[in-house]
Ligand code: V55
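Below sits a lone chain in structure tokens, taken as the form predicted alone.
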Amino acid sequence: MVDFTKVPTRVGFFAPERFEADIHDCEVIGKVPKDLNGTFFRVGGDWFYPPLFPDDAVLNADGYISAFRFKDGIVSYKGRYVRTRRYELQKAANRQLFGYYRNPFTDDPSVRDPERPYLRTVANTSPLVHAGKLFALKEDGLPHRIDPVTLDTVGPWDFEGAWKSQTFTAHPKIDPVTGEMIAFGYQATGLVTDDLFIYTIGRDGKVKHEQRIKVPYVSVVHDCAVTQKHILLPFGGYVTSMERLKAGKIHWGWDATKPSYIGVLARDGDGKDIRWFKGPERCMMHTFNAYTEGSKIILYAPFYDSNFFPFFPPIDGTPWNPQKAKAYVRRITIDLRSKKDTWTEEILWPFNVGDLGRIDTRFMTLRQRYGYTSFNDPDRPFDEARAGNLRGRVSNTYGRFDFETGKLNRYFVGPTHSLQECCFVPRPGSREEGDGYLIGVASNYAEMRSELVIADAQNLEAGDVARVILPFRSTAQVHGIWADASELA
């Protein structure tokens, strides 16, 4: 018997969905641009069976991949669970078998395997398209290859045996100049190990180069940034240990005394040249982009002041502090000629934003002008009578942040909606940065449904170009990507 009564989100917009879906020719408000020919892939989590522990991290929910397919002004939708080993074992047992997030010691004895923690992955964080293949990613295991047409799960992928890390990041970077992918895996050799492996994968999907390093302390290394010359590895604050896991706790805790770090190494090096730059307490999850300019590296990132996740509590026993869980658009400068292993930081806008930042990926690794992310615009109040008391807990606006001029352009979604991560889609045939569309899924709380919004990225104030309406609330997205039809067979 399935019983979600002990799960805090068992009702409301983020209650478990527990179904797969196909919609041909979705309802549309407005007019979908006919030059959009491709697919918007989304990956998130959805509990198929209730978690063993009600206070478990939402990051532990089963992977779910969905796709909005665009062609000739028509959009169709498909959603499927990622059929990981974990998902299949649970389906066979008709119950949840796996315990706390990334703690195999809390699993049911029938599946408990601390020596192979990567087999627990739910592949629920982000999609990836490279070398003609589609993957679902999560940083605690290998990528899962997905059929791009049916969304059926093909299975784990280790790049024909050349990928030696037990894990694969949720945020690899693809160099638009060479077509190479830079990816890494931390805790590469097992549970709570300090090994981090970095790989360069060619345009053909073959591993070309490997670097192995040790991290200053075991922490969440969620994202990276890549320039034409360097790889940047930011992290800080989150800590773990084998003792913590054997005590039955969730994998991560927050240690405010730990410095944040940005590791910098050459793309073509051997790992021995890595230099660790130290900074103040920061929760460093996602980046916009970075580029090398002479002896300096410029990094744009919406880093948090402190711990963002309430389910990864402070290790000193103090309560989680939401006032410090605020992200700002930051410009970080690293001077490689400096004898000091520190960086300088500048907050570019005085208000906090969502940290799921995106750019025009045709300018990844290069100097770029614009960053896109969501935020809560205080000048655009929510209709709380229709949508509930949402103020301060959701984002109602997409912004185009001009890093050169400081200008901010805004797209407001509406008084009963909140926005998930946006994605930039280039206008076919254009080479100008930022010429294209901004798309993303909005949660309509008043009507309990999901809506894909499409806006002109150069004219956000004009509002929607079109909205694609789903007749239900789709599984929440963590990350999404756009894949042009030419990228996948």
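Quick caveat, the model's predicted, so the values are computed rather than measured. Quick note: we count residues from 1 along the sequence shown, nothing fancier.
Keep in mind that the form predicted together with this ligand is not shown, yet the notes after this line are about it.
Work out which of the listed stretches, 401-409, 367-375, 210-218, 124-132, brings a heavy atom within 4.5 angstroms of this ligand in the predicted bound form. This holds for exactly one stretch, 124-132.
Is it the case that H144, even though its partner is missing from this view, gets within 4.5 Å of this ligand in the predicted bound form, heavy atoms only? Because no heavy atom of H144 falls inside 4.5 Å of this ligand in the predicted bound form, the answer is no.
Would L59 count as a contact of this ligand in the predicted bound form, using a 4.5 angstroms cut-off between non-hydrogen atoms? Result yes; L59 sits at the interface with this ligand in the predicted bound form.
Classify R330 as contacting or not contacting this ligand in the predicted bound form by the rule of any non-hydrogen atom within 4.5 angstroms, answering yes or no. Result no; R330 lies far from this ligand in the predicted bound form.
Can you tell me if H251 lies within 4.5 angstroms of this ligand in the predicted bound form, counting non-hydrogen atoms only? No.
Position in contact with this ligand when the complex is considered in the predicted bound form, options Y101, Y77, F197, Y118, heavy atoms within 4.5 Å: Contact with this ligand in the predicted bound form is made by Y101 alone.
Just one of F309, W157, Y87, F363 has a heavy atom within 4.5 Å of this ligand in the predicted bound form. Which one? The residue in contact is F309.
Going through 274-310, which residues have a heavy atom within 4.5 Å of this ligand in the predicted bound form? Please give them in sequence order. M285, H286, F309 sit within 4.5 Å of the partner.
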